[in-house]
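Considered here are two forms of the same protein chain, supplied as structure tokens in two stand-alone entries, structure 1 and structure 2.
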Structure 1
């Protein structure tokens, strides 16, 4: 009798423990991020690069080819809070390519990813730049940058759109892209050199490529499509088409950086 009572008590205790362990977690909306130290940001960066970087890029700046959005702007169409971001990372978004993180990932890891993404949003108040943005706009116009780049719908399309470049790159990164444009060239901005069946050559930006076809845009912004089986050869050129700004003085470069960093997404 006593043994049966003892076993019953043990079973009841186990059931209670299982309810506590396996019971539904509190929704993210009812929680706050308690993992927002510098250490948490670094840990979040590791997990992000391992599980999210394949689509969003290791730096979080998105991927033109996969359609994954830039996460460095601090502006998100589907979430307006850290809790909402937690839910998207954890569960994904139905009907889109955004899938949830591995179910083996702890809530702590998800919150650390949230902290890392928040750290990517650049705050202009954190920078004291030597250049002048107004003078930089004049440098931009004088160097004919608009022949390749677009700002708010004005300019060319053979280089990246700079309308919100200050939300994506910090001043040092902008300066590097100007002085050493080959340092980091995204596949979207690679050039394709194609020798056609008649022996003529055409070059253009690599707009799209798969196993059988390639599509390019030439310097005059004309689009060309080719079947790979119908051309003599094709070559990917992974260097940038942008010339280095060697002709600018140090002060002009500072002004241009200040202007480009001022181009931000409207809040």
Structure 2
């Protein structure tokens, strides 16, 4: 009897201790997702591919073998809010293969994954766009966008592939990326400006860099390697190489947005 009471007390003390330990970490419900910009979506995509893709598929569409559900439908059985999704990613789901993300992952990184998963579910039917996608395709062709961007295998590589941009970005985000390219530039699209020993300048996307050398790809997709000790200066440029679309009319811009938003994965 005594002994049972004693054990009970220890259990109560343990529970109290656990509650105290769990106390200071604010529950996710109390938080809002502060990390839902384009760059965050892309960072989330990277982590997702590395850490979740083996079960949920690289594109989040699920995998029958692992039993990991399709996360692109916007319909979840265990999750009803961003905060709930945060908790599932953080803690996992007890008794299932769904294990929580590495404890080393920051909260920021978990929120970025939430943003990425949310971005997988952009439904064209939710948007009533003023523009016309077919006219937008003409605008695209006339505006030299393809010198930097690839759509379905055609075009350049000095900007992101736009083949499925409509499943990643909503129309507002697309419009912002057109009118204000510098608003958010993921580090991958930063460039290096290098002044050679003879004073000439060259600029391009940074492909590799180590202590001694740097390799860049210029606008014509030529690769250049430099010994850092042999150049006059090296400067990182964090603005976008993409020109703002200033010379398009408002209606051309609407059309272009409608066209880009229509570019999505075939379902």
Ligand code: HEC
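Residue numbers count along the first chain shown, from 1. These numbers come from a predicted model, not from an experiment. The term rigid core refers to the maximal set of C-alpha atoms that superpose within 1.5 Å between the two forms.
**Student:** Eyeball the pair and call it: which is the form predicted on its own?
**Tutor:** Form predicted on its own: structure 1.
**Student:** Residue 236: CA shift of at least 2 Å between structures 1 and 2 after core fit?
**Tutor:** Residue 236: C-alpha displaced by less than 2 Å between structures 1 and 2.
**Student:** Would you say residue 210 moves its Cα by 2 Å or more between structures 1 and 2, aligning on the core?
**Tutor:** Yes, its C-alpha moves 2 Å or more.
**Student:** Cα of residue 140 displaced 2 Å or more between structures 1 and 2, core superposed?
**Tutor:** It does not, since the residue 140 C-alpha is displaced less than 2 Å between structures 1 and 2 after the core fit.
**Student:** What is the Cα shift of residue 224 between structures 1 and 2 once the core is superposed, in angstrom?
**Tutor:** Residue 224 is displaced by 2.5 Å at its C-alpha.
**Student:** Superpose the two forms on the rigid core and tell me the Cα shift of residue 103 between structures 1 and 2 in angstrom.
**Tutor:** Its C-alpha shift, to one decimal, is 7.3 Å.
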